[in-house]
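This document opens with one chain alone, in structure tokens, the form predicted on its own.
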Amino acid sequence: MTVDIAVIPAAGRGTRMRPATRVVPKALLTVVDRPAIQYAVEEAARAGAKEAILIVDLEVGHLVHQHFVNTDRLPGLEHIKIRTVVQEEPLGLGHAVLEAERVVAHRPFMCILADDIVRPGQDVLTKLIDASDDGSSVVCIQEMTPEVIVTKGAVIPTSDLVDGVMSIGGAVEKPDASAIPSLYGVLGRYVFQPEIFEHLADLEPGRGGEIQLTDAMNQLGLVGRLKGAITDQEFLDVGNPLGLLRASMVLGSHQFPEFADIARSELGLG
């Protein structure tokens, strides 16, 4: 199946990154030599996206839009169309994705959370797209510790792994430690069929009083329309100060060979 459109939520105000994000959108915080959201758009382009929909904040989203004006000047993005959609109220990740419905229409789409950057050469979207050939939505999952999975979304497997893919019967956002449904947690990469919008539109606010994307995934699982593709690749979390620092070191050592020796010898990074 061909998936040629990506939705990239970028409306978060980055409270964990204050004061850096008092004026600058979190999505534009620099990681080595480009803003975090550019890594997400580049990843979408590598997976075959011809169009990227960026969901932006009402107040400062125009700055994100401005960065991507004249993409012919951004290597690797010359052939991808980028447009922004404003999320006028911060009602949650699920609501942000729902804002893309009018543009996406009836097409399957990738969804990329820009806080998590894939390591060079370790893309996972193509695997998710391949697993969606039967018309299912597919989420990227990873086996996690109980301490970590309570901060993520956990899935409810209904089959064994076959070639790295399993059927999923539901999902729980940030499960209580006493009620973890499995140790398979959701990472920020998805391929959704357009039916996800119907489930998002019908949702009541969930955990945190927000429209949770995980709750819509749970509805897909209940009707047998959700699969999980497992990865053991590490994502680089740039949504907190320590993660941003580490990602800058890891990616810097890859993008600038002269920095690699310093990273290995003085910082212990491979």
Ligand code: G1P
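Residue numbers run from 1 along the displayed sequence. Everything quoted here is computed from the prediction, not taken from an experiment.
Below: the form predicted together with this ligand, not depicted.
For the options I129, V165, L74, L113, the residue carrying a heavy atom within 4.5 angstroms of this ligand in the model of the complex is L113. Of the residues given (E101, D123, E173, E195), E173 alone sits with a heavy atom within 4.5 Å of this ligand in the model of the complex.
Residues within 4.5 angstroms of this ligand in the model of the complex, judged by any non-hydrogen atom, belong to 113 to 121 and to none of the other stretches in 76 to 84, 113 to 121, 156 to 164, 195 to 203. Contact annotation for Q219: none of its heavy atoms lies within 4.5 Å of this ligand in the model of the complex.
Interface membership of L93, defined by any non-hydrogen atom within 4.5 Å of this ligand in the model of the complex, is confirmed. Although the partner is absent here, Q38 lies well away from this ligand in the model of the complex, with no heavy atom inside 4.5 Å. At the 4.5 Å threshold, heavy atoms of V186 reach this ligand in the model of the complex. Contacts between 204 to 222 and this ligand, taken as any heavy atom within 4.5 Å in the model of the complex, involve Q212, T214.
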